[in-house]
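Just the one chain here, laid out as structure tokens, in the form predicted alone.
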Amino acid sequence: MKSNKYSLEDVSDFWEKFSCGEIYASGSSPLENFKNETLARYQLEPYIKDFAEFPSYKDLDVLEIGVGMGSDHSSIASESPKSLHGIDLTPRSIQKTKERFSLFQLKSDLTVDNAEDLSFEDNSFDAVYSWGTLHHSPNTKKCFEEVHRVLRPGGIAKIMIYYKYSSTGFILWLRYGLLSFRPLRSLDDIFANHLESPGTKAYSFKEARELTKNFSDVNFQVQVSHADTFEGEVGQRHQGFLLKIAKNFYPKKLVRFIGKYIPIGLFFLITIKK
């Protein structure tokens, strides 16, 4: 499944420059920075809260893989889990999240770690949460195997990865396939080279079923995202005249409407039970 020429170091170097969501962290103080980042995150992605079901983590042993700026991690911590661990591949994200938790007086064990080889014993957690992280790893299949390993029997994982046949994928193909006179270029190659960190992947339903085959219960949902509708600070790697046109004239409401009935969103929401 999906070979990847990029390494963990390539991925780490990309995200160490700027943590996911950091572009929204603007304010007159560190406290305001974190508040504004969280506000922007949940305004752009309100479906995160419905999917994550943060209150369900109360009194559970919880692991988040890929804490980023720590918004979701603080939402979990606020629900009083029995224990909370957060990992990220980059020291930058761990430091940012530690700063947030210190300011908001929240508790978590935050460490740099590798999702392909987690530093936890088997059957350590009741719940694992990961939003938009595992598709960046060179070996996403190994990440899912690690999630299965550290979950206790009956434990639940909620994971978002990217969906291949999304409107975002189609737009990227138009730009870097058709308009670049390479119409036969694969979506795998386009995602790996033109969406976020080097080697980023997106998955079909068939490929996602292969990733989750070790779990006893699996639920898939495809969500239209702000990337599909050119909202927020999407497209930072693709500045230019075409992007400006798309942001002004793209049929956002139509895309959202179609997405209610046909899976065209970028976000692949996966709930799995061990």
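In case it trips you up, residue 1 is the first one in the sequence shown, and so on. Since we're looking at a predicted model, the values are computed, not measured.
Quick note: we don't show the form predicted in complex with a small molecule, though the next part is all about it.
Please identify the residue among G199, G155, P81, G132 with any heavy atom within 4.5 Å of the small molecule in the predicted complex.
Exactly one residue meets the criterion: G132.
Since exactly one of L110, A115, L151, L195 fits, which has a heavy atom within 4.5 Å of the small molecule in the predicted complex?
Here the answer is residue option A115.
Considering the small molecule in the predicted complex, find the one stretch among 58-66, 28-36, 206-214, 219-227 with heavy atoms no farther than 4.5 Å from it.
Checking each option against the 4.5 Å cut-off leaves 58-66.
Taking V11, W15 and I87 together, does each of them reach the small molecule in the predicted complex with some heavy atom inside 4.5 Å?
All three within 4.5 Å in the predicted complex.
Does C20 reach the small molecule in the predicted complex if we count a contact as any heavy atom within 4.5 Å?
Answer yes; at least one heavy atom of C20 falls within 4.5 Å of the small molecule in the predicted complex.
Contact flag, S166 vs the small molecule in the predicted complex, heavy atom cut 4.5 Å
Because no heavy atom of S166 falls inside 4.5 Å of the small molecule in the predicted complex, the answer is no.
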